[in-house]
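Here you get one chain, nothing else, as structure tokens; it is the form predicted alone.
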């Protein structure tokens, strides 16, 4: 195969998992690095678990990550259809070819008979492989079984294919990531390629699809290694060129168990909903099994593609470190243009009335609150005091700060003096500096002075720059809150 062609073929039985996104990314990078094509195929043969909602989620998630495909269900291409359920008329023809070549046979065994075989193998403490009892049925025997109402499945004849193309029962291939991998095919057993209802199994359909779509390299998770040996033999039995395979280590949770919802978000859309930037997410995912040659981890997808070499991928499992993702996401938030950040924050500010602020005030609010943001959704809890006439005072801050004689004295002085202040951020900064200095001369720490004002205005002891807060919410609202917190004041 002259042209590099890779594919991602998710099953729409759930939202796009971050592990599938990583597989898609490495395929995308490999295609870009080699001037190849990146193909999206939807494997929706499991009708009971497939839904349009999940298909849409796959499309939206991949696009959000910037992993745009060259061929696929929505953009077309020369080798469609790219949705497996639309290809059902293709598979029987190739099953028939294997039957005629003697590399497949009809199997009339019932589920009950197969279960008995498995139980016998278990009782004898042996790994189960199909007994091959249907391999040499005569036409008369097949006709009799059909007369009983049995519909045959079609099994691939592993041993016959192995003997035809390999000198021993050992099958090996050079994995792009893991190096040479071997398997004794006697342990695989003859597997079903077409079910009795006429539907293809995964291992058969994927070979036919990849073969007809001229896929040159298949990069996927290591959980597919056992499938790869079966698929290589099908390619060979059909006289097709075998693609190159590369198997990625798994993504594990910090406790080294399988990454699941109990550890946090696992679907791309969940990360986006929580406020992770897709650029940060894709950058982080790229580092799960890959390391940049220059040691610089913050990179765009295009920069990663220029540096990407599949033989340098780690063969080991990778740990999904949420702390590192959070650090990276916070870095990307800091890198965002302020106008872009303002738009991205709006979905997380719907509980507030943004019309209370002018665009300039909203801009300033974002500027003074962006620094500690780890994820975009952090903004929700960071800004309540910018909205509404009054604020909810934290009970602990009320008791330990506002209810003290010092705080009441500070508020009394603040209200009296601030009535005459020019309410610009520059002037407020100067006035507050002097205000703190005056109390410092009395032996009061500036922190204690400002805490009284901060708690009265914001309801909490920490937050954005106090001068900016006062300037944004305005003189009237600031004094109204201060007066509400001052026990001697009438509001």
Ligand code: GLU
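Residue numbers count along the first chain shown, from 1. Keep in mind it's a predicted model, so treat the numbers as computed, not measured.
Omitted here: the form predicted together with ligand GLU. The next part is about that form.
In terms of contact with ligand GLU in the predicted bound form, the residue from 342, 87, 217, 220 that brings a heavy atom within 4.5 Å is 220. Put simply, of 206, 382, 415, 397 only one has a heavy atom within 4.5 Å of ligand GLU in the predicted bound form, and it is 206. With ligand GLU left out of view, the stretch that reaches within 4.5 Å of it through heavy atoms in the predicted bound form is, among 190-198, 220-228, 115-123, 297-305, 220-228. Not displayed here, ligand GLU is kept clear of residue 19 by more than 4.5 Å at the level of heavy atoms in the predicted bound form. The closest heavy atom approach of residue 202 to ligand GLU in the predicted bound form falls within 4.5 Å.
Within this chain, residue 479 is remote from the site of ligand GLU in the predicted bound form, having no heavy atom within 4.5 Å.
Among heavy atoms of residue 9, some come within 4.5 Å of ligand GLU in the predicted bound form. In the predicted bound form, 43 is the single residue of 31-61 with at least one heavy atom within 4.5 Å of ligand GLU.
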